[in-house]
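Okay, so here's just one chain, in structure tokens, the form predicted alone.
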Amino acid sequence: MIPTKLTSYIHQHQAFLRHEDTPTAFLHRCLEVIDHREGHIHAFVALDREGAELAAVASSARWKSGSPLSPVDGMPVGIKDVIETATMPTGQGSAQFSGTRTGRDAAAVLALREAGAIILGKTVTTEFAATHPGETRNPCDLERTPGGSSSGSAAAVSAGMLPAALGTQVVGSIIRPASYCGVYGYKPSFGALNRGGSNDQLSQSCLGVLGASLDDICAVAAEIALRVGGDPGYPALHLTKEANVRPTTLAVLNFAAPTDVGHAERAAFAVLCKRLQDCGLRVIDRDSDPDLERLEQALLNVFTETRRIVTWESVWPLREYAGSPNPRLSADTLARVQGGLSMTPADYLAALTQRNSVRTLSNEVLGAYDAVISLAATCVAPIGITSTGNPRQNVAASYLSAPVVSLPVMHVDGLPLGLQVMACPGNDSALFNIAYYLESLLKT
């Protein structure tokens, strides 16, 4: 097992202002870690070292003069390789698009540049942010998967190569890698962060952030929302940090079948729940609230329902390439396109109707609770890199369009395991305040 050390940028601000550190020196430390570990981890598909150096020098001058553009001014950031960048290719994890240059920045990348952040590299994604994995390995144990589809983003942060990286999630592509790699992960309410220029425009897809601390992911998300807003037709993310926010009642939901969840992982979560109760919080599960049991039953098939929706929505972007004489697509992708072609508009409408029904029920039931807590993954990162792991603990938040954070506050056999904290859609600011409070209790 290889020890990892998360590298927060936000926590260096005072050192910058006291002239004890600079963004240039911070960048050089990140590059040293990349040079030392990237050959084993394979977190990146591209690096823009020259552009990063120039941006760091400019940022250092701003901090020296006491006039940074934003809290993320000078922060080295990784960009998942389904998100467009003007200075680097966007290959989408696919041989079909390897080396493709669009010549433009995605909305989130543009926002980060305007905030002074350093766009250091493109991080490995599974093919089209789906199931077919790349070569990235988990920094906590190189024999294990980092999860996916935001594989490289989670691994780079976990290894100390970056303080933050952008990811996307349709099923569990931010929260599960965050849990496996022991970093912080945030998937916002649907539409709260602008996805323009991100090549995964599915109806459950969200742009999100993986980072070395809650402060890092909060700052990155806030700067994106401030400058480019949310998706068209959706209110932009608005985060307000409030002191002394203390939740009183937390719901516990189990999203995976008991046989899918490891025994040691269940035990670790039970211990965590007991700690919260000992601190005076009410932690309620299905045994104490029939409405939670009803909601759990309604959520049993959301993974299957999500696959139906995603299968239909994936046909148009990929059909042309799948139908070529020699498609440069994985067997997984070809099978998904064929599955979509076998569906009808009526099938898709039925799946959307079912999703809307479950969302309505969820909002009714969970309105009585401050937040929902659960395991962020069914187990610690599995051995092997041919699969990105079981996403069933994560898919409910995506299906419900709910905001969710993963906190790296548990360990099993020396490996990280995240606590998944979920709120009702639109309650992202409250979610962060609750996450800060829970972390303060559980990190002590």
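This structure is a prediction, so every number in the text was calculated from the model and none was measured. From 1 onward, residues are counted along the sequence shown.
Same protein, other form: the form predicted in complex with a further copy of the same chain, not shown, and the subject of what follows.
For residue 319, a non-hydrogen atom is located within 4.5 Å of a further copy of the same chain in the predicted bound form, even though that partner is not displayed. Residue 131 falls outside the set of residues with a heavy atom inside 4.5 Å of a further copy of the same chain in the predicted bound form. Heavy atoms of residue 114 reach within 4.5 Å of a further copy of the same chain in the predicted bound form, making it an interface residue. In the predicted bound form, a further copy of the same chain lies within 4.5 Å of some heavy atom of residue 232. Residues 197, 348 and 355 are all found to lie within 4.5 Å of a further copy of the same chain in the predicted bound form, as judged by heavy atom distances. In summary, among the residues 279, 142, 236, 298, the only one with a non-hydrogen atom within 4.5 Å of a further copy of the same chain in the predicted bound form is 236. Contact with a further copy of the same chain in the predicted bound form, judged by any heavy atom within 4.5 Å, is made by just one of 332, 289, 305, 313: 313. Of the stretches 119-127, 241-249, 103-111, 73-81, only 103-111 has residues with a heavy atom within 4.5 Å of a further copy of the same chain in the predicted bound form. Although a further copy of the same chain is not shown here, in the predicted bound form the stretch 198-227 places heavy atoms of 201, 202, 203, 225, 226, 227 within 4.5 Å of it, in sequence order.
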